[in-house]
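Here you get one chain, nothing else, as structure tokens; it is the form predicted on its own.
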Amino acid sequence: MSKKFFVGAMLLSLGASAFDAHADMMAPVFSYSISSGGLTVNGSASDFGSVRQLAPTEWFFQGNTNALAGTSLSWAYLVDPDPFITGTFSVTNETASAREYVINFSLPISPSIEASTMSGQVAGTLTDANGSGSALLTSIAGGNVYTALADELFVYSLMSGANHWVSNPFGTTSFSGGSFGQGTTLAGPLVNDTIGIRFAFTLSAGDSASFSSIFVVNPVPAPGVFALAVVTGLIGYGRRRRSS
């Protein structure tokens, strides 16, 4: 299955149509959590917006919440329990001081994966939303802004020591946070239950940040299955040789 990096308007356009032929299938419990200042708010993304089925195993979630006081969070994500997560989210710090945020998106997978390859990518924008003339986004204590997770455990990280700023009123800057496993084979994790993406960063007062991201885990055929396919192919080849 081809996994594409859906961002921005492309993702929003996906919400315009649903996959009716499999409308009886249950949507996965795609969940979010947001933490700041010692407080954490979490829930199912479908409880704070809409969810549409776009393919037999693909769902599009779109929503927003202000459940964490002083913060506005919105998202648009395409997910597949097969599995991948790709989409965008935006957060606005509506308080008068800089805040540290840890934001998680998590997806249950099915079936479990014993061997895999993986890939991921992240990019974003920072906006001076209050017109103060400056905006700042940094990683927390020099750590990583993006972390891919499997069963809530670290898999791969990007944007270590990030430091992005805007220096004009209502200005916006874009940044690329890098990628992994793009155009190459990168060994992935064993996954029993979930994959996810965690974002951790500090955002200046009154300002907004948006992130586009993807995390894909591709199951690798079990050695026995692969070996059987190879042997079957060799037997067929031998028979063709003998009959020629």
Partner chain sequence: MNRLRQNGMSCVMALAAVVVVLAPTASAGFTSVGAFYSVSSSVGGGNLINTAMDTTPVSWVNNGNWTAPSASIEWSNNLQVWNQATGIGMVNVNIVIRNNTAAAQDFTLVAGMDGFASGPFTASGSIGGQYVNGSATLGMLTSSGPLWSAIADSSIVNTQLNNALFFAQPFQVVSLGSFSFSNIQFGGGISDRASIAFSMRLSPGGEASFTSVFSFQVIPAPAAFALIGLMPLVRSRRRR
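Numbering follows the first chain given and starts at 1. Quick caveat: nothing in here was measured; it's all calculated off a predicted structure.
Another form, the form predicted in complex with its partner chain, is not on view; read the next lines as being about it.
None of 153-161, 101-109, 166-174, 133-141 except one has non-hydrogen atoms within 4.5 angstroms of its partner chain in the model of the complex; the exception is 166-174. For the three residues A45, T57 and I195, a heavy atom within 4.5 Å of its partner chain turns up in the model of the complex in no case. This chain lacks the partner; the member of S31, S36, S210, S204 within 4.5 angstroms of its partner chain in the model of the complex by a non-hydrogen atom is S210.
When its partner chain is considered in the model of the complex, only one residue from L149, M118, I113, A129 comes within 4.5 Å through any heavy atom, namely A129. Its partner chain is not shown here, and in the model of the complex it never comes within 4.5 Å of any heavy atom of D82. In the model of the complex, its partner chain stays beyond 4.5 Å of every heavy atom belonging to V51.
Within 4.5 Å of some heavy atom of its partner chain in the model of the complex lies at least one heavy atom of Q182. In the model of the complex, its partner chain lies farther than 4.5 Å from every heavy atom of L68.
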